[in-house]
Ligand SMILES: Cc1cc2nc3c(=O)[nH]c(=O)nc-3n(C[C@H](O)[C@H](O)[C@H](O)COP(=O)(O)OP(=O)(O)OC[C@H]3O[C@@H](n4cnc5c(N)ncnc54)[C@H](O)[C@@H]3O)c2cc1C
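Quick setup: one chain, the form predicted on its own, written in C-alpha cells, and binding and motion questions come after.
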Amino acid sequence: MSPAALPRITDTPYLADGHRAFARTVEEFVTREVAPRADARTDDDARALLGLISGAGFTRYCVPVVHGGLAVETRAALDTRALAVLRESLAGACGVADLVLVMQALGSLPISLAGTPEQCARWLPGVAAGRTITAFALTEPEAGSDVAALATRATRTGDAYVLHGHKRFISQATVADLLVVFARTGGDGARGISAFAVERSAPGLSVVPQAPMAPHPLGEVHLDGVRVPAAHRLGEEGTGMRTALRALDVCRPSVAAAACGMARRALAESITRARTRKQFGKPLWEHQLIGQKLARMATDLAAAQLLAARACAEVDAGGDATGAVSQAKLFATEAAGRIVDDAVQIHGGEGVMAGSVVERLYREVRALRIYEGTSEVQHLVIARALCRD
C-alpha cells in the first residue's frame, strides 16, 4: 500500500458519496494552499489561514444551513461528517489551520443551539463568512475536566449581567472577535451555569497570550466587571452547561478526525522513510521490528477512522450518540499518539529535528488527548453510557 493509497475516513461505509467528492475538493485546496504554510505559528498566521479557508467557503460548514451555512447533505443541523472531512485533511497538513477551522464551529455552536433568531442573525453570518472569529471560553484554572465547578460569575443588574472571572487555555482567545463565555448565575453545580455571547471589545475583558508546545492562538481571558446585555445570554439561565455539552458532543467526532489526519500523515511519512532508508544492507521495512510497527500503525489508523466516521454519522442522524462520540475521541486520539510516536522512532535522529514533519506532528498530536475532554473523562463517559438505565 503506497502512502498515496492510505485509506481516509471517506473510505469507510459511514460517509456518503457526496462526502467523498467533497473530500477530493478539500484535499486539492489543502495541498495547494495550506501545506506550504505548515510552519504557521503567530496570530497573524492564524488570521491569514482563516482567510484562505473562508475564501474557499469552508467556514460555512461550521454553521447550520438555516443560518447561512453549508452542508454536503442539505439539512438544518451542522454537517458533522463534512467537518470531519475538513479536519482530517487540514490536521495532517497544518495544526493551526485545523484549529482555526474547528473553533469557528465550536465557538459558534452555542449560538446555533441556544440562540434566539435575532442572536443567530446577528453573529452567525459573520462566522460563516470568516469575518467573525469565535472562541469557546469554558475552562478555568480550577475547573478543567470538572467544568461544573467553574467560578466565573455573572450577576444580573437590570437589563445586563456583570461578569467577573478568569478563563484559561482558551483557543483563539488572542484573535477572537466574539467569545461564548460560561458563567455562574445560580448556585453550585451544572444547573447554576449560563452562557453568554461576549464581544471582544467589551470594557473589562482582557486576554493574556499563552504559549503551548505546538504554537497556536491560545490565551487566558480575564473578566473584570464586563457588562453584557441580558439580550446576549444564550438560552435560559441555568442551561449553559447543557448547551456546552451539546456543542462538545457535536465537535468531539471531529477531534477524532483530526487525530486520524495526523496519524495518516505520520504513517505516510513512515512508509516513505522505511522504503528509502537502508540499514544493514536492506530497506528499513524489511527489518521485522520496523515492519511490525508499520502494520500496527496501519491497523490502529483503520480502526480509528471507522470509529470516527461512525460517530459522525450517529451525530448527524440525531439521537443519543454520546457513547459512540466518546469511543471515537478516546481511541482515535490515543491511537494517533502511538502512531506518531512510532513514526518518530522510524525516522530516528531525523525524527527529533525541529522542522521535520513527524517532529511537528509529535508536538501537535499530544493536546488531542486532553482538550474537549481528556482520555480519562472519555472512559467515564463510556462507562456511564453502558451502565445507565
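Residues carry their position along the shown sequence, with the first being 1. All of these numbers come straight from a predicted model, not from anything done at the bench.
Unshown form predicted in complex with the named molecule; subsequent notes refer to it.
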query	finding
Proximity to the named molecule in the predicted complex, single hit among Leu223, Cys120, Ile170, Ala304 (heavy atom within 4.5 Å)	Ile170
Heavy atom within 4.5 Å of the named molecule in the predicted complex - residue from Gly144, Pro125, Gly204, Gly235	Gly144
In the predicted complex, segment of 282-290, 312-320, 195-203, 130-138 with a heavy atom within 4.5 Å of the named molecule	130-138
Proximity of Ala21 to the named molecule in the predicted complex, heavy atoms at 4.5 Å	no
Thr25, heavy atom within 4.5 angstroms of the named molecule in the predicted complex	no
The named molecule contact in the predicted complex: Arg81, any heavy atom under 4.5 Å	no
Residue contact check: Ala16 to the named molecule in the predicted complex, 4.5 Å heavy atom	no
